[in-house]
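Below you will find one chain, with nothing else, as structure tokens; this is the form predicted alone, and questions on how it binds or moves follow later.
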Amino acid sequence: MGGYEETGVLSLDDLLNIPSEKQLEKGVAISECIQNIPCNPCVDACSVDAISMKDINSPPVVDYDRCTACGNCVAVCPGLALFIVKIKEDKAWITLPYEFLPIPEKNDTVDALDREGNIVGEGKIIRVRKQNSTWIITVEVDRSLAMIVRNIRCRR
């Protein structure tokens, strides 16, 4: 045993499938769901069939070439384990589910957090929307944080 089973926190090494730079430039959904549990709303929510599972208990796998980064999967994942990541030049945009108060507003400056909740940088809120009773936030951060930032903390 070790890794996330011991710490409760995923690392990039724990992820089943990492997108290429080219795929990140167009923007893709990234699944951080790695446990074998009976769950598949992300598969049903994907209108382009980019998310698949071997069976109902398998972790979802994203076909990055098919993914359109629409974000439907982010809004329906009960485990808050799906994110949209897009990079361009020196910036990254991360779309994530958000279940805390206060709800940030567009153009707010926020703390960018890693998987452990540590502040790793600063972010700017680009988009805020509610879908399927879930707040979906898009935050702009430094490109180097694209695969690190997985949550935010409001400063107000």
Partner chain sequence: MHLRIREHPIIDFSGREKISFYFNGEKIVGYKGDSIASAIHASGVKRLSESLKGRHRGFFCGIGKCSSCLMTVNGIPNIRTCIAPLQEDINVETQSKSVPWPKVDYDAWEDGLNIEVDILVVGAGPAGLSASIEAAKQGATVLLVDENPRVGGQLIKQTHKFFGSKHEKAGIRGVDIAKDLEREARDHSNIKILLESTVFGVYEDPSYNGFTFGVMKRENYKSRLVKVHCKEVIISVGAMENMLLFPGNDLPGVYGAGGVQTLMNVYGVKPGNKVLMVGAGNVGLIVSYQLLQAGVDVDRVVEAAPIIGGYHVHAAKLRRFGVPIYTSHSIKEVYGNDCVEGAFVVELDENWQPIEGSEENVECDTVCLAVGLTPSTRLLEQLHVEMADIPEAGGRVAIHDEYMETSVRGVYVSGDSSGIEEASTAMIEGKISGISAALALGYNRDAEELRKEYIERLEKLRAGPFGEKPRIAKRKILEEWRRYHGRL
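What you are looking at is a predicted structure, and each value in this text was computed from that prediction instead of being measured. Positions refer to the first chain, counted from 1.
Unshown form predicted in complex with its partner chain; subsequent notes refer to it.
Across the proposed site, V9, C33 and N132 without exception bring a heavy atom within 4.5 Å of its partner chain in the model of the complex.
Here the chain stands by itself, but in the model of the complex one stretch of 121-129, 53-61, 86-94, 22-30, 53-61, has heavy atoms within 4.5 Å of its partner chain.
Though the partner is left out of this view, C70 does not reach within 4.5 Å of its partner chain in the model of the complex, counting heavy atoms only. Within 4.5 Å of some heavy atom of its partner chain in the model of the complex lies at least one heavy atom of I37.
Though the partner is left out of this view, V110 does not reach within 4.5 Å of its partner chain in the model of the complex, counting heavy atoms only. In the model of the complex, its partner chain stays beyond 4.5 Å of every heavy atom belonging to D65. Residues F100, L101, L113, D114, R115, E116, G117 are the members of 100-120 with a non-hydrogen atom no more than 4.5 angstroms from its partner chain in the model of the complex.
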